[in-house]
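Let us start with two forms of the same protein chain, each given on its own as structure tokens and named structure 1 and structure 2.
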Structure 1
Amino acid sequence: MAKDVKPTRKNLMAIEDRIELSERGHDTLEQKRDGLIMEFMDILEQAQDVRSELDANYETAQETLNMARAMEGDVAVRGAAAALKEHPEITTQSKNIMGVVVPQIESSRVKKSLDQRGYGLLGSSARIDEAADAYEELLETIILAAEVETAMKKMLTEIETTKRRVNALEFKLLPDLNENKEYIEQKLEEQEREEIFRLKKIKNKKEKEAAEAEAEAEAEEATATASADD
């Protein structure tokens, strides 16, 4: 509210400083927002590619698995699945894109060779191997998708906050500050006018007083000379 501030010169100076700072911050944040959106567009494209790859991989993986189950039976497939010893692990590192920390996921032991799988070669058929292969591939794409999508989520949150800040500065803080500044300026001007008026009044009064005193003195002088004449 504009009326909350005291119309003093000191406050005016403080508000002018704040306006300058806010404007600078607003410009910087605007640039950050635009930069983030540009980075985001790049990632979005990447994400869409990964998504379509993911869907395609999922379909083939499902197909091969269904094939394996149809040919080998559910039990054999489940048995093989339960026998696995090596487990994929992921490690996350972070990367910084314009102040947003995005993860970089690295995986290990996703792709395995036949003898690493642990379900034995004799007991299983090539179809199970194929299904396992397809799912390993799918997992790799999933890891990639997770990385890209996490980055997207983080950047979106950052874009949202930056946008909110820019808008708060542009549509709330700066107008308020400017209103305050104007209010103080007008008040100060009014005070100045009042002061001038007051000075004029005083001057008039003084002049009047001086004139009266002069007239009185003259009158006195006149009476004095008149009495002297007598």
Structure 2
Amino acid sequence: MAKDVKPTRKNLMAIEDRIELSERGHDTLEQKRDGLIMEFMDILEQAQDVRSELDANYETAQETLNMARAMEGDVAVRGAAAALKEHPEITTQSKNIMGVVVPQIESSRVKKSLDQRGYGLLGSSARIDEAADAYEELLETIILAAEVETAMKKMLTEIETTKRRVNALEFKLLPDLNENKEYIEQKLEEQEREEIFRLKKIKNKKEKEAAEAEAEAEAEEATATASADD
């Protein structure tokens, strides 16, 4: 509340400094918010593309797997899957997007050649190879989707946090500071007017006393002159 602030020149200067600092912070946060929104829109577009690709790859993987089961049998498909020796490896790093740390997921050993799948050329068939290719492609898309959607969520969280800070400055802190500033300025003006009025009263009183003293002196002088003439 403005009434809780002591109306002094020192407090006025301190509030003016806080207003200037808050306005600079507000402008910086607004720029950050706008930049984050632009980055988020780019990531959102990428996430939508990846999601569409993920859905398509999933359908393809399911179709090829069903076809392999139908043509080769579940035993052959399960045997080919069990023959896999080298499993995919996932590593995570991070990158910075306008102050937001987002994950960067890298994978290896996802896509394999026929001889790396373990089941060998003689124990395989074109249907099983197609299913393996499709699921390797699906796994790579899942990894990419995880990276993009995690980045999108982190960006969205940072945007909401930045928006709250902007709103707090714009609708709470700055209005309160400006209200305090106006209150102090008003009180200082009132004090200045009161001081001017007080000084005028003192001046008028001194002038009146001086005039009375002068009149008294003139009267005494006149009396003295009259006495001398007698």
Partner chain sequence: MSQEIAVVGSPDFTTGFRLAGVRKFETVADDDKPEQLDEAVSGVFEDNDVGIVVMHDDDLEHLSRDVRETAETSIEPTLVTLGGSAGASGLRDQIKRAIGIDLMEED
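The term rigid core refers to the most C-alpha atoms you can superpose between the two forms while keeping them within 1.5 Å. Numbers follow structure 1, counted from its first residue as 1. Predicted model, so just to flag it, every value in this text is computed and none were measured.
Working note: structure 1 is the copy from the form predicted in complex with its partner chain; the remaining copy is not.
Once the cores line up, the CA of Thr28 ends up less than 2 angstroms apart between structure 1 and structure 2. After superposing the rigid core, the C-alpha of Lys200 moves by 2 Å or more between structure 1 and structure 2.
With the core held fixed between structure 1 and structure 2, Asp17 has its Cα displaced by under 2 Å. On a core-based overlay, Glu212 has a Cα shift of 5.6 Å between structure 1 and structure 2.
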